[in-house]
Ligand code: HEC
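Just one chain is shown here, as structure tokens, and it is the form predicted alone.
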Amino acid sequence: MFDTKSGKWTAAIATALCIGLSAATAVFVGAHAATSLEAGDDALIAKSLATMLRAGRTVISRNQDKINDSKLGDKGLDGKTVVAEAVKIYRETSGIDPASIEPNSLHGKLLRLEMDAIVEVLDGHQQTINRQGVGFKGFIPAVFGRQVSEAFGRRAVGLAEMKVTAPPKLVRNPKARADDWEGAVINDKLMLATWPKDQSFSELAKSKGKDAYRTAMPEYYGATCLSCHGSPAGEIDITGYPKEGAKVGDLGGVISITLYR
């Protein structure tokens, strides 16, 4: 079985399980094993896509002071540079080199489409990022994440979708609102005090009328998030939105990955 939290196989699927079973039972076990393998592949792909998105956001977060430096012109943060940094973080986080993933596999195709989306977003914002005489540029990790998800969706039509959403009261951009499935998972699972920290939820479910493997990955506020989302609640932050009064460790967002079948 594939463990969606650790990203590792916990047990091998062995054909020997069918030995000594009736023909009908053997067929059932074989079909179940194939389904488990397919679900395991989907879980791995979903985790990989989320890892790359988080890596890219980390690059933007680490460079916020540079981006908002009104005196500095070229920030050296074009698409190629940011992807290279994101790949480095991805390798450190997952222990996998994206270049080692078979490019013709679904995993390889989707990961490369995501990296292309990162390049598109960064290259499209060069004028904003490099503008002198302006401090806060509005190009923050949340904006980066949303736009990369949208660019990825345009490239992966019919194959996959990705969205960064959140509990209803935390959504600032209407485009990030949870759909019915995401909303139910957030409310009935991820927001529960008993839900294990960092544990994702996945299942086969419909999306836009199509069969899909859907994953919701919780994300929690860190200390750097509180400058915009912390206390005092209601105070207007640098982006122009009222702070939510959040604390470190509160559920702040959800990466939703949809893989169509």
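Being a predicted model, the structure only gives us computed values, none of them experimental. Residue numbers run from 1 along the displayed sequence.
Quick note: we don't show the form predicted together with heme C (HEC), though the next part is all about it.
Colleague: Is there any non-hydrogen atom of Ile186 lying within 4.5 Å of heme C (HEC) in the predicted complex?
Modeller: No, Ile186 is distant from the partner.
Colleague: According to a 4.5 angstroms non-hydrogen atom cut-off, is Cys228 in contact with heme C (HEC) in the predicted complex?
Modeller: Yes.
Colleague: Find out whether any non-hydrogen atom of Tyr213 is located within 4.5 angstroms of heme C (HEC) in the predicted complex, and reply yes or no.
Modeller: Contact check for Tyr213: no, nothing within 4.5 Å of heme C (HEC) in the predicted complex.
Colleague: Is Phe201 part of the interface with heme C (HEC) in the predicted complex - any heavy atom within 4.5 Å?
Modeller: No, Phe201 is distant from the partner.
Colleague: Counting only non-hydrogen atoms, choose the one of 122 to 130, 72 to 80, 165 to 173, 89 to 97 that falls within 4.5 Å of heme C (HEC) in the predicted complex.
Modeller: One stretch meets the cut-off, namely 165 to 173.
Colleague: Only one of Met191, Leu106, Leu113, Ile140 gets a heavy atom within 4.5 Å of heme C (HEC) in the predicted complex. Which one?
Modeller: Only one option qualifies, and that one is Ile140.
Colleague: At a 4.5 angstroms cut-off on non-hydrogen atoms, which residues of 62 to 98 are near heme C (HEC) in the predicted complex? List them in order.
Modeller: Contacts from 62 to 98: none.
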